[in-house]
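Encoded as structure tokens, the following chain is the form predicted on its own, with no partner shown.
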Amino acid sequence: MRPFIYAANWKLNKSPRETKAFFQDFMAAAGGANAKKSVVFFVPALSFQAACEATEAAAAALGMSTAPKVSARSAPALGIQNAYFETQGAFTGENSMSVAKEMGAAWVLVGHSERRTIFNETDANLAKKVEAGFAQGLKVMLCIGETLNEREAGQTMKVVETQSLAALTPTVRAKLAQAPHEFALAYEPVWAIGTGKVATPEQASEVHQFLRALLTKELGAQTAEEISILYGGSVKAENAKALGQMPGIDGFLVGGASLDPKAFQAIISA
């Protein structure tokens, strides 16, 4: 059974000091309340080591586990927001997936709309990153979503289908046939990210159900049923419950509201 995932994307926010303070507050407030809930934090690369140290220290103090695949009283998983598909070499400024894995990353976030629009990452480039993440033993969360112009032009389904299929290379399909739970899609309508606007529960559910049908067609029902599809775009405690109850929505990718430990905990508890 696929998990309901609460993922936090901090983007370019929080220093190592702020990261440690956040996890002390967040995990103390949780106190085990997030048991059996899958929580993932995508933190800035320069604060990743601080996140590892803070979650380990807080987990030890609370008697929680940082080991993978522990279902109850587990510390949050950590991921990196972006990494290059080459393992090493002359790629100044890029992050290494193998190093991230060695440091303790469980996930890599690929294809966020800001990476696509600001840094001009293409579907072909992102497909290589999905393959590289799996090759390094990381779970991969792939972001997809349409712009406002594309939605108004009635192209939403075409856009998310194209972005999804581009990542389903033969190598990725073979991996998913063996370990579909190590992959997640995050549908994030670009017009709802950081704008305060949010897709209605019905709009989000419609796209999620389309994506589930697409995965079923491409990968088979058994594999498709194991892949979580998250919604992202101005998720807050006030709308989390309504969104989470809609058919096809298997979690949230949260931006701004994840920067405050109480606000993010409220979403998880909604």
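All residue numbers are counted from 1 along the displayed sequence. Because the structure is a prediction, the values reported are computed rather than measured.
The same protein also exists as the form predicted together with a small molecule; that form is not shown, yet it is the one meant from here on.
With the partner left out here, the small molecule still marks one of 44-52, 203-211, 241-249, 228-236 in the predicted bound form; by a 4.5 Å heavy atom cut-off that stretch is 228-236. Of the heavy atoms in residue 193, some are within 4.5 Å of the small molecule in the predicted bound form. Mapping the unseen interface onto this chain, residue 188 counts among the residues with a heavy atom inside 4.5 Å of the small molecule in the predicted bound form. In the predicted bound form, the small molecule sits within 4.5 Å of a heavy atom of residue 256. Contact check for residue 11: a non-hydrogen atom falls within 4.5 Å of the small molecule in the predicted bound form.
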